[in-house]
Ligand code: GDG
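Presented below, as structure tokens, is a lone chain in the form predicted on its own.
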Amino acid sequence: MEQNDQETIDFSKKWFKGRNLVIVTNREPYAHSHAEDGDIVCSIPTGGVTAAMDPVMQEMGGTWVAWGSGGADKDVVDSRSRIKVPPIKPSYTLKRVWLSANEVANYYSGYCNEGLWPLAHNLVSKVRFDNFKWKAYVRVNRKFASAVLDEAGDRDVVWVHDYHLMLLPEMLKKEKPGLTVVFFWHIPWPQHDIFKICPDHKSLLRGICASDLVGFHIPRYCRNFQECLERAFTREQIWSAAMPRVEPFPISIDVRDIERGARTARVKKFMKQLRDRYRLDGRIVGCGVERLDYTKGIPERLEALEILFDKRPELRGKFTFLQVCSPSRGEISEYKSIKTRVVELTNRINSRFGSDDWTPVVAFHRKVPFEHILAMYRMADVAVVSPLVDGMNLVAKEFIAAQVDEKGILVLSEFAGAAGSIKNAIPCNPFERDSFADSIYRAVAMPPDERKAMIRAARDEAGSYTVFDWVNGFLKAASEIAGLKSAGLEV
């Protein structure tokens, strides 16, 4: 960790003045599983929240409460379901919450990802809510509450993350009013007319409003949340409640860590392997890196690429697009459908335009090691990040940080939260395929000197605000609230 980042963490430790920090997320930062030879191995699950918070917890210490989803997770914990992590140089405690298969199906796959996820992304045709799934959601939030209360002291700060745990702040405050509970929402927050589709929306709002501080990525989500409160409750109800502070805190990445990773010998080796295997030498290389999720705009991107190859025949044989489609939530029918659509489009493009020595689109329908992804980022001339809507999107920032050779250009959806903080990118509208294709072509055809100036400016932007600045801002606000509460002052 660089000096400035360490100073940020040191300041946060000082602000907390002996208070313990308890992080609560659905997904755990480390998972244990059984290898084929019977040994237990530890892995790092993918995910923006866990990737962002783990380096912070390694420096801050404290406790992380999360669902124990690994096949060998129960084999390595103590009698209180705890284990010290990371495996090398353990520095904080991971407390695991155990969920049954039924709870996973109804709370996680059901209420969270068939209901709240599409609702937050304004995809109302995909929203499904059922009362038995709501009951599972309540039950699992209570399990998390019990685990947190088992670890957190009366003066501690509990940082709850995301849509899986909206009821948790209220549950915690009922048992320990002295706790400072702060909440960060990592996905878009919709307008009230969308949010009220959820039959339980008032209960969810009351759950979050028990927090002392609620953070979102961008000001628009803050405004949407406050509008929901004003329209869901009467003025008297709002005035009589202790409402949280609501502020924007745009998340970022560990820029220097990505840069270091992109420069390693292993990444250079993977770059050569990709070039050799897919005959990329002398060709323009594009890349997209996503979970296979209907919010990420992958079919729309492939349709734009098809238009591009149709309108710009000079790119045939010269431009290859590498698309990572990491498997995600495959038990949900909507996710099965999106995979089928992506495979169909990929095959159609390759059949129409491909040749014996050139494949227009190379799709990876598997989990790809991050070092391989860094290789794609570094070697790409164009990266396309085109979600239909996204809370932030850290892939856009990762690509910029990994561009250590300063040769690639980012094409970025206007509807990604990151569009507000990344000015040096080519904007695109994934809903309008022809203009989307034009945006990709503009990136492909950009002169080298203009390309270098744009990516260099983007890298300067990225380096000026990192994940440690995000943590710094949020924990400073949390510690100020905790201090006011300890002094008996109104927050």
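When you see a residue number, it is the position in the sequence shown, counting from 1. Nothing here was measured: the structure is a model prediction, and the numbers come from that model.
This protein has a second form, the form predicted together with ligand GDG, left out of what is shown; the following refers to that one.
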Although the partner isn't part of this model, could you tell me whether P369 comes within 4.5 Å of ligand GDG in the predicted bound form, counting any heavy atom of the residue? yes
When the contact criterion is heavy atoms within 4.5 Å, does G391 count as touching ligand GDG in the predicted bound form? yes
So, K296 and ligand GDG: in the predicted bound form, are they within 4.5 Å at any heavy atom pair? yes
According to a 4.5 angstroms non-hydrogen atom cut-off, is V49 in contact with ligand GDG in the predicted bound form? yes
Using a 4.5 Å heavy atom cut-off, which residue among D156, D73, D254, E290 comes into contact with ligand GDG in the predicted bound form? E290
Contact assignment for ligand GDG in the predicted bound form, among A147, M376, V324, C209, heavy atom within 4.5 Å: V324
Output flag, E28, Y30 and V182 jointly within 4.5 Å of ligand GDG in the predicted bound form, heavy atom basis: no
Where does ligand GDG sit in the predicted bound form: which of 123-131, 136-144, 80-88, 383-391, heavy atoms within 4.5 Å? 383-391
Which residues in 142-162 have a heavy atom within 4.5 Å of ligand GDG in the predicted bound form? none
